[in-house]
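Take a look at this single chain in structure tokens; it is the form predicted alone.
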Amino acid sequence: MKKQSTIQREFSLRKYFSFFRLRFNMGIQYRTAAAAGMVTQFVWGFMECFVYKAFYDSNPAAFPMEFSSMMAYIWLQQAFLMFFATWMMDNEIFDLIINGNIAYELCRPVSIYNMWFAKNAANRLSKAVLRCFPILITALLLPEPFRMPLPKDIGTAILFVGTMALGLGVTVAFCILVYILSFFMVSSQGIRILLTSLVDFFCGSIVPIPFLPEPLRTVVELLPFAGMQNVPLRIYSSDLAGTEMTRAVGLQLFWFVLMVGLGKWLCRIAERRVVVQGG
């Protein structure tokens, strides 16, 4: 019985890995789109660098992050934009829910939540892989003061990779919650625009969280959105360390587990209540 259970788990994992692999292979085919995106990200990254340089030159003591840390934050944000861009959702899933073709997904002998999670993670990873290396290499070769510094030690680099994976998980879990909420609405457009706009601000995408006023920053750091890009990018630049870093990583893990659990619970409710008309 134990052996049979192990075989079933392995078979189940293999199914979701197949979804992941197929979506990843499909995503890396769009090289021209990735090249165009890289040009945009380089332009945006340089623009941010020059803007922050002007601000730092006016009063360096007024900013909570060192300028080198700010450069690392900007270039990592551009390199891994597709990891954490909550506005980049799978329109195919929304279409399935709205037009009723979700019925075909419900007939599959798989967990819809796990399938969507695998597909979304693969889609983001494939787009990031195509773009990140040219941006990172260029950022490491730039002249001072715009050069992206290397992590201070191997431990920081390993922790950065681990928190990047967790940040990707939190982002995907959030996006799947938006998909599931679409089951309960006539149109998902309104909730989608509202939530992604709020998340862009609260995750540090527009302004790094350390730049927010202290009362607001304290609240924002407790929210799940701070566990997306804020934690790994600040760990890399050594802006987040010690007890504060341990607390941030713990919150990141907590929100990942909670959001996945909430998503699976809501998904089961949606599957029981879904009504598909036509035939």
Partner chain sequence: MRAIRLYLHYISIVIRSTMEYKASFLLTAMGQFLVSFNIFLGIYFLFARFSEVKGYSYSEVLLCFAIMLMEFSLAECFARGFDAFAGIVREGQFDRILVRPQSPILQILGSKFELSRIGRMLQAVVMFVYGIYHSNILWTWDKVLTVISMLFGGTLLFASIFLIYAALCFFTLDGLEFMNVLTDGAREYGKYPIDVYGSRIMKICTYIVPYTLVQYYPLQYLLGRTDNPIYALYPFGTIVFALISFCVWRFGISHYQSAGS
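Since the model is a prediction, treat every value here as computed from it, not as a measurement. Residue numbers count along the first chain shown, from 1.
One more form of this protein exists, namely the form predicted together with its partner chain; it is left out here, but the text below deals with it.
(Q) At 4.5 Å by heavy atoms, is each residue in 43, 190 and 200 next to its partner chain in the predicted bound form? (A) Contact check passed for all of 43, 190 and 200.
Q) 203-211, 114-122, 99-107, 165-173: which one contacts its partner chain in the predicted bound form at 4.5 Å, heavy atom to heavy atom? A) It is the stretch 203-211.
**Q.** its partner chain contact in the predicted bound form: residue 67, any heavy atom under 4.5 Å
**A.** Residue-level check for residue 67: no, no contact with its partner chain.
Q. Would residue 54 count as a contact of its partner chain in the predicted bound form, using a 4.5 angstroms cut-off between non-hydrogen atoms?
A. Flag for residue 54 set to yes.
(Q) Would you classify residue 216 as touching its partner chain in the predicted bound form, given a 4.5 Å non-hydrogen atom cut-off? (A) Residue-level check for residue 216: yes, a contact with its partner chain.
Q.
Quick check on residue 241: any heavy atom within 4.5 Å of its partner chain in the predicted bound form?
A. Contact check for residue 241: no, nothing within 4.5 Å of its partner chain in the predicted bound form.
Q: Could you check which residue among 158, 150, 185, 194 gets a heavy atom within 4.5 Å of its partner chain in the predicted bound form?
A: Of the candidates 158, 150, 185, 194, 194 is the one lying within 4.5 Å of its partner chain in the predicted bound form.
Q.
Can you list, in sequence order, the residues from 46-80 that come within 4.5 Å of its partner chain in the predicted bound form, counting heavy atoms only?
A. 47, 48, 50, 51, 52, 54, 55, 58, 59, 62, 63, 64 sit within 4.5 Å of the partner.
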